[in-house]
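In the block that follows, a single chain appears as structure tokens, in the form predicted alone.
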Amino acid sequence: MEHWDDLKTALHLLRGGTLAAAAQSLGVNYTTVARRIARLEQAVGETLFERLADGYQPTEAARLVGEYVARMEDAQLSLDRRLKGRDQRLSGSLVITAPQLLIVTHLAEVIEAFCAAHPEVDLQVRATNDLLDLNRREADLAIRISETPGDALMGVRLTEQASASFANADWAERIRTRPADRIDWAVYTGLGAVPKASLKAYPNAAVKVQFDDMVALVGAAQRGLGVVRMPMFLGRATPGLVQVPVLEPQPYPSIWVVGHKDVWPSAKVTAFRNILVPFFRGRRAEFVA
């Protein structure tokens, strides 16, 4: 068998399409990718990638190599997951991923309790809204806000949720005392409009500004740029914000903890869940109307 790093590099170059993309996914520089590809081509006696002006173009031989290496990678990942699931040590690495804002408001307390209870575990937290690939061990456990957290994964619903409208104290007073005045909204870019459910009672409303990030929307609400729809846990936990009645509480995706079925039984994953689940179940009132 050729050197596994070289074979894996060919697969990542096929997937990424460029030296730079392959280098980023492998955590190396692009010259290392080029060197590994040249070494692999010499070993197999085939040209795997044509060097063209616009980049590396895969040959049929490269695609054949990619098919076999992908199966090898899947087997390796399956073995890694199953060994992780059998691990009954409360020491070593545990990687979890969760949305940044949920970490700030709630998960930091869970993490603190877990670290105190299991000081020999090397806990790594990947704070992101991206859905990391648990099949590929990008994380061992994921906390997700979704109604479809991953059909192929094991999971537990931590709590259902609702959203509502929040604003700073100045806007809350204005809405209370002058409800017929225009109401400014700050909204998520993907929505781009005032929530329809609010227009019947408060028709004199318009979007003042759009943001593509919830952290920015929270800051906009605190600054007084307008009313923002957000999950109730977030509005209630944010200093300077109060719930305003322009939008009745609306259903919002639930919070789940999910993991790959192979990794789910491991001692570290189980220990984290044993702190996480009762914590959220006991704080349910902070998430719903």
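Residues carry their position along the shown sequence, with the first being 1. Keep in mind it's a predicted model, so treat the numbers as computed, not measured. Note that the rigid core is defined as the largest set of C-alphas that superpose within 1.5 Å between two forms.
What follows is about the form predicted together with the DNA, which we do not show.
Using a 4.5 angstroms threshold between heavy atoms, Asn29 counts as touching the DNA in the predicted complex.
Residue contact with the DNA in the predicted complex: Gly55 places a heavy atom within 4.5 Å of it. Looking at Arg229, you'd find every heavy atom of it more than 4.5 angstroms from the DNA in the predicted complex. The DNA is not drawn, but in the predicted complex it has no heavy atom within 4.5 Å of Arg63. The stretch in contact with the DNA in the predicted complex, judged by heavy atoms within 4.5 Å, is 55 to 63, chosen from 256 to 264, 55 to 63, 233 to 241, 219 to 227.
Site residues Lys84, Thr97 and Arg136 are none of them in contact with the DNA in the predicted complex, judged by any heavy atom within 4.5 Å. With the core superposed, Leu19 shows a C-alpha displacement of at least 2 Å between the shown form and the other one. With the core held fixed, Val263 shows a CA shift below 2 Å between the shown form and the other one.
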